[in-house]
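Starting off, we have a lone chain in the form predicted alone, written out as structure tokens.
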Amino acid sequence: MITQLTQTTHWTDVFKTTKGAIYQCDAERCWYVDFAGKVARFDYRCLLKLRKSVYHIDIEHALLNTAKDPDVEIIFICACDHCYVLTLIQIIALKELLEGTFVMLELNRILNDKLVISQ
């Protein structure tokens, strides 16, 4: 886990919200997720696993649940070094951040495909 932004290589902003940001580092071939007070390094496979685990959380069920369970989810990704303990509000914010990131990645792929075809 990287607790401070000790950036020695160039990071490209992929997507930002008021709660966090995701950066791409081409030199290290990885992604940095700045969220919930920490910056975590992910390879693409682990970033996909993070997205999958966040998308699988049933937020509606958790919000409508009247039991006295804590409104906290632990997101642990197998084969990754990072673990998040997040409230439901933070999960919604992380989901928004990941959705925006993958939309930007897909848009970038579409633009690259169109540019290659037009050449």
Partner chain sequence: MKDLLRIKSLISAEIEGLLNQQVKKEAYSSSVYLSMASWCNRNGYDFSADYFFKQAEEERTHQLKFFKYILDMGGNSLSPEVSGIKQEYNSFREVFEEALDQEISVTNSIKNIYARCMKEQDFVTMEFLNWFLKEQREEEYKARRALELFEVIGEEGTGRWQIDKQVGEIKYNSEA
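On a predicted model such as this, the values are computed, not experimentally measured, just so you know. Residue numbers count along the first chain shown, from 1.
The same protein has a further form, the form predicted in complex with the partner chain, not shown here; the description that follows concerns it.
Looking at His61, you'd find every heavy atom of it more than 4.5 angstroms from the partner chain in the predicted complex. Taking the partner from elsewhere, Lys38 is found to have every heavy atom lying beyond 4.5 Å of the partner chain in the predicted complex. Although the partner is absent from this view, Asp26 contacts the partner chain in the predicted complex, with a non-hydrogen atom inside 4.5 angstroms. The partner chain in the predicted complex comes within 4.5 Å of a heavy atom belonging to Asn108. Heavy atoms within 4.5 Å of the partner chain in the predicted complex are found in one stretch of 89-97, 62-70, 47-55, 76-84, which is 47-55.
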